[in-house]
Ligand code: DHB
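Shown below, as C-alpha cells, is a lone chain in the form predicted alone; questions about how it binds or moves come after it.
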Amino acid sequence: MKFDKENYTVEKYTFQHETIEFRAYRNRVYVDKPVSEEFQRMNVFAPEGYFRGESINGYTIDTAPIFMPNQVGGYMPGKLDEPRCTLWKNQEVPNSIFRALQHGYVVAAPAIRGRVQQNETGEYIGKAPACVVDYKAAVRYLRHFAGELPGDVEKIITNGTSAGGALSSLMGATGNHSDYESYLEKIGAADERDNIFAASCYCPIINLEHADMAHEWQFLGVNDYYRMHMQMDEGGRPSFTPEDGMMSEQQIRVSEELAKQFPEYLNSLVLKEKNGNILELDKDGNGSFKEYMKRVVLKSAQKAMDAGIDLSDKKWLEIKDKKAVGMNWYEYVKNITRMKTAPAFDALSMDSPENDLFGSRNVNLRHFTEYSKENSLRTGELAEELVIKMMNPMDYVDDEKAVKAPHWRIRHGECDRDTSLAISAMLALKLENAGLDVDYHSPWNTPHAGDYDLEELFAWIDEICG
C-alpha cells in the first residue's frame, strides 16, 4: 500500500459540449495484504484546475469534499469506475463522477469485493462482510495519505444504489466500530479512522433479517407478481424478458406468516416522529406507522403535482383542490405491483442473492433468518449472528462505539418494488431519533435506481459542507 503523487495522468473527457479536465491517480491498491488486488484498488480524480491554484464553486484543493461512489449492485463485485456516460431512461447522460468533478469535488472511486468471488483454491473471498470491509479500508487509505492526496478527508461523502446504497448506509452507521477490526487487520488496512462525514443512500437493500417481514407487510394480499427475468446470451450479455405469475398456496401462506411478524419488530424500535408521537402497528398491521407511510407517499404525490404532473389516473389517490389528501394503501400497492414472491430475500430454496451474500469461505449459500431456516426446503446453515449484524446499519445507530456520519440523504422511489418502502423509512426515523441530520424522500414514479437527481444531491452536499 503506497501512494506516489507523481504517478498520475492529466486527462479530458467531453460529453456533447461539456469538457472536464482532471488529474487521475489510477489503480491505487488500498490494503497491504489484498486477497483480490483487482477489487481492492481505487481510482482518485481531482479537477486539474486545483493544481493551478484555482477554486471551483468556492472549493480549493484543500477544502474540496471527497465524493466516494461505489459500483456495487446485488452485492456483486463493484468494479473500478471513472468519468463516463451511462443510460438513464434510454438517454445517454454523464455519470456521477463526471458531474462531481465538474462541480469541484475530488472523487475516490474504489472497487469492492462481491459475493461470487473465489480465489485460486475455490474459497469464497467476497461473502459478507467483505464488501463493507473493503469500503472502510478505502476510506482508511485516503486518511493515511491525506497529506499527499487532494481534498478534505474530513468531508468524505459515500454514495451508492441498492446494495451499494446499503454499503453507503453501513459506512455512515458503523464508523470505527471494533466489530470490523479483525477483518481490516487481516487484509492490511491502514491503521486509521474509517468514519465518514455524510452518506448518500439510494434505495438501500438493508435490514435483511427483517426485510422479508417488511416486504410482506406492504405487499400482503397482492398475490400476482410482475418482473423481468434475466438471462445471459451466448456473448455473456444480459437480456430481459417479462415474467408474470401467481404465488403458490405455500408462498401465500408464507406471506401471511411473515406479515404477522412485522408489527412486533416495528414496535420494538420505538420510532418517533419529530413531534414525539410513537409510530406503531397493531397485530393486524395497522396503526400510526402505516399512517406515517401513507404520508410519505402523499408527500411524494404532492411534490409531483406541484411540478405539474397529472395524477388523475391514480384511482387510489384522493385529490382535493390540487392537494393529495388521502390514499388507499392496498390499492396503491396493487398499482405499483409485486415483483418478488415470499420470502423476498431469505429464500426457502436458498437461492437468492442475499443467501449468496451470507455464505462463508467454504459454503456458498446460507440462511440469515430463523423463519427461513426453520422452513427451509434445503438443508442449509444459518449465518453467524455477528456477520448478519455487520450488514445491518440499524444495529449500530444506537451503539456508542460506532461513530455515525452526522449527515444523511436517503432516496427510495415511490414505485420501487425491490424492498419495502418501510425499510428506508425505518432507517431514516431511527437516524433522526438519534439526533442526526436526515434528508429523506420518496421520489414520485421512480423505480429501483440511483443518481437520477445529481443536481439536488450536490446542492445538499454543498449545503452541509458550508
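Only a predicted model underlies this, so the values are computations on that prediction, with no experimental measurement involved. A residue's number is simply how far along the shown sequence it sits, counting from 1.
Missing here is the form predicted in complex with the named molecule; even so, the following discussion is about that form.
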Next on the checklist: Just to confirm, with a 4.5 Å cut-off on non-hydrogen atoms, which of A163, L142, A342, A214 contacts the named molecule in the predicted bound form?
Outcome noted: A163
Checklist entry - Given that the named molecule is left out here, which of P150, P94, G285, G73 has a heavy atom within 4.5 Å of it in the predicted bound form? => result G73
Checklist entry - For the chain shown here without its partner, which stretch in 332 to 340, 300 to 308, 373 to 381, 102 to 110 has non-hydrogen atoms within 4.5 angstroms of the named molecule in the predicted bound form? => result 332 to 340
Checklist entry - Quick check: do K272, D395 and L427 each get a heavy atom within 4.5 Å of the named molecule in the predicted bound form? => result no
Checklist entry - Though only this chain appears here, would L258 touch the named molecule in the predicted bound form if you measure heavy atom gaps against 4.5 Å? => result no
Next on the checklist: I'd like to know if V132 sits close to the named molecule in the predicted bound form, meaning any non-hydrogen atom pair within 4.5 angstroms.
Outcome noted: no
Next on the checklist: Does any part of E354 reach within 4.5 Å of the named molecule in the predicted bound form? Heavy atoms only, please.
Outcome noted: yes
Item to check | 4.5 Å heavy atom contact, E432 to the named molecule in the predicted bound form | outcome: no
Item to check | Residues of stretch 430 to 448 in contact with the named molecule in the predicted bound form (4.5 Å, non-hydrogen atom) | outcome: H448
